[in-house]
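Okay, so we've got a single protein chain in two different forms coming up as C-alpha cells, structure 1 first and structure 2 after it.
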Structure 1
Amino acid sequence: MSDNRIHVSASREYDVVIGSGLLADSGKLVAEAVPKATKLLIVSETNVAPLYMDTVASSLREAGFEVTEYVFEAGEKSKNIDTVAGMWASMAKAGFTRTDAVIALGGGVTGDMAGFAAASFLRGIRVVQIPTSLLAQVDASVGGKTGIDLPEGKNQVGAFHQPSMVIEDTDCLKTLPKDKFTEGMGEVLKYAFIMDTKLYDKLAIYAEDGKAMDLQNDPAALADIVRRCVEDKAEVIAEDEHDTGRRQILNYGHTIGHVIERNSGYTKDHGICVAMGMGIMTDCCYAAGRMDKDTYGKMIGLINSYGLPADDDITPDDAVSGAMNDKKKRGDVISLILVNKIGEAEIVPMTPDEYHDFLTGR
C-alpha cells in the first residue's frame, strides 16, 4: 500500500487518502476514521460489489468490525427513497447505534445515497466514502453533498453530511467502463479550467503526446491527476462548504449542462453534458470578446482531446427556461460561471434576458 493524504477542513475535519491497493487495507483506515464504531453497513451495487465487496468486507472483519452488506441494483434509477429505506432497515435490524457507521463502496450514486442514509439514520451517523468511479473520486465523494432523486428532478432531497474519511484506491479505476472514465474526465477538465493551471499543463502535455485517450492505463499519471483534483475541491470546500459563495465555481459548465442532461431524459451522461456546457460557455465568452483566440483554441482542443464533445445544439430559449427551473438559481438571477483565462473562474450574475443575449452571441 502506498498512500497520500489530503486534509479537508470543513465542519468536520477529515482526510482523503489516495493510493494504490488501499481497499485491502480499508479495515485499518476505517478503524482510524471511526474508532468508536463496532458495526458497519457496507453499501454497494450490482456492478461494483462482485469486484470489490469481498476485499473490503474481509479487511473490515479482520479489523474487528461486525459487517452487514447491502447491495442495490446499479444505476441512477435506484437513487430513490426505497433504496435508502432498505439501508435504514438493514441498520435497524442489525441494531446499529449512533457510534456505528456506513461504508459507501461505489460510484457517485452509491456515495450520495449511502451518505444520505447515514445523515438521516438516528439523526446522523458517520460515513466513510470509498469511491470507485473517476467522477466519484475527483468530485462526488468529497464535500459532503448527499441525497436522492425524485420523479420531479435529480438530487431534490438531501443533506450536507461530511464523511469521516474518503479512501480512494486508484486501482479501482482499471475496471471502470471506458465511457464512464471519459465522462469523469469532464469534471477533471473543469478543475483545470476554473482554478488549476498546473493541472491544465499536465493534461495538455499528455494530450500533445497523444496519450490522452490512454490515461486510464497509466496509474501513476492518473493518481497524480486525481490527487490534484481532490486538492482543488478541498480548497474550495474549506472556503465555502455550503455552496453560497466560491463553491459555485464548481458549477462551471453545469448551468447549461444540467439542462442538456435533463432534456435528454438523462440518456446523456452527466460528465458529457458538463463538457458540452463548458464548450458552449467557451464559445459564448469568445463571441462576447471576453476571451482571446488562443485560449479559445486551447480549451475546445483539450475537451476534444479527451474524447468529449464541446458543443450541443440546445437553443438559447431552452437553455434559459431550463436554467430558470434549476434549483441552483437565486431569485430571478442566474449565477453563471465563466472562465475567460485558463485557471480563473468568475461568478457572473445575469438576468434571464442577459443570459439569452449571451447565448445568442455564439
Structure 2
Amino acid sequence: MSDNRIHVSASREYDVVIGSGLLADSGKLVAEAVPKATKLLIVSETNVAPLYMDTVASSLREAGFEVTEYVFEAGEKSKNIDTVAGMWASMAKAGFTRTDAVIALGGGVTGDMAGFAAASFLRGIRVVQIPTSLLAQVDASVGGKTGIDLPEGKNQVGAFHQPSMVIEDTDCLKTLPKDKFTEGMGEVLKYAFIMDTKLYDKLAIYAEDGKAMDLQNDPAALADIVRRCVEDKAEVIAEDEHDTGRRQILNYGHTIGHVIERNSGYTKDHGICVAMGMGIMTDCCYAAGRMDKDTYGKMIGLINSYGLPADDDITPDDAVSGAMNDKKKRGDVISLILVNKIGEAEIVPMTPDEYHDFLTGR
C-alpha cells in the first residue's frame, strides 16, 4: 500500500487517503477512522459489488469488524428514499448503535445515499467513503454533501454530513468502463476552469499531445489529477463548508446540467450533463461579450478533446423553470456560476427573467 494524504478542515476534520492498493488495506484504515465502531454496513451497487465487495469486506472482517452488506440496483434511478430506507432497515436489524458506521463503496450515487443514511440513522452515525469512480474520487466523496433525488429535482433532500475518512484507491480507475471514465472528466475539467490554471495547463498539454483519450491508462498522471482536484475541493470547503459563499463555484455547469439530467429521466450521466452545462455557460458568456474568442475556443475545445459534449438542445424556458427547483436558489434569485477567464469563477445572482435573457443570447 502506498498513499498520499490530504487533510480536510471542516466541522469534522478528516483525511482523504489517495494511493494504489488501498482496498486490500481498507480494514486498517477504517479502524483508524472509526476506532469505536464494532459493526459496519457496506453500501454498494450491482456494478461495483462484484468487483470490490469481497476484498473490502474481507479486509474489514480481518480488522475485527462485524460486517453487513447492502447492494442496490446501479443507476441514478435508485437514488430515492426507498433505497435509503433499505439501508436503515439493514442497520436496525443488525443492531447498530451510534458508535457504528457506514462504508460507501462505489460512485457518486452510492456515496450520496450511504452518506444520507448515515446522517439520518439514529440522528447521525459515522460514514467512511470509498469512491471507486473518477467522478466520485475527484468530487462527490469529499465535502459532506449527501442526499437523494425527487421527481422534481436532483439532490432535493439531504444533509451536510462530513465523512470520517475518504479512501481513494486509484487502481479502481483501471476497471472503469470508458464512458464512466469520460463522465468523470467533466468534473475534472470543472476544477481546471473555475480555479486551477496548472491543472488546465496539464490537461491542455495532454490534449495537444493526443493523449486525452488515453489518460485512463496513465496511472501516474491520473493520481496527480485526482490529488489536485481533491486539494482544490479541500481548499474551498475549508473556507465555506455549507455552500453559502465560495463553495458555490463548485456548481459551475450544474445549474443547467441538473435540469438536463432530470429531463432525461436520469438516462444521461451526471458528468456528461455538467460538461453540457459548462459548454452552454461558455456560449452564453461569449455571446454576452464577457469572454474573449481565444478563451472561448480553448474551453469548448478542451471539453470536446476529452470526449465530452459541450451543448444540448434544452430551451431557455425549460432551463429557467428547472432552475427554480434547484437547491442552490435563494428566494427568487438564481446564483449562476460563470467563468470568463480560465481559473477564475464568479457568482452572478440573476432573476429568472435575467437568466432567461442570458440563455437566449447564446
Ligand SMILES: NC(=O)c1ccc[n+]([C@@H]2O[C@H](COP(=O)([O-])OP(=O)(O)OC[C@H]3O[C@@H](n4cnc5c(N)ncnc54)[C@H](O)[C@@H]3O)[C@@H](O)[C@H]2O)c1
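Residue positions are counted from 1 along structure 1's sequence. So that the term is clear: the rigid core is the largest set of C-alpha atoms that superpose within 1.5 Å between two forms. Because the structure is predicted, anything quoted here is derived from the model rather than measured.
By the stated condition, namely the form predicted alone, the second structure is the one that fits.
Relative to the superposed rigid core, the position of the CA of residue 96 differs between the two structures by less than 2 Å. Core-aligned CA deviation for residue 159 between the two structures: less than 2 Å. Put simply, the small part of the chain turns as a rigid block by 8° against the big part between the two structures, using C-alpha fits. Relative to the superposed core, residue 318 moves its CA by 3.3 Å between the two structures.
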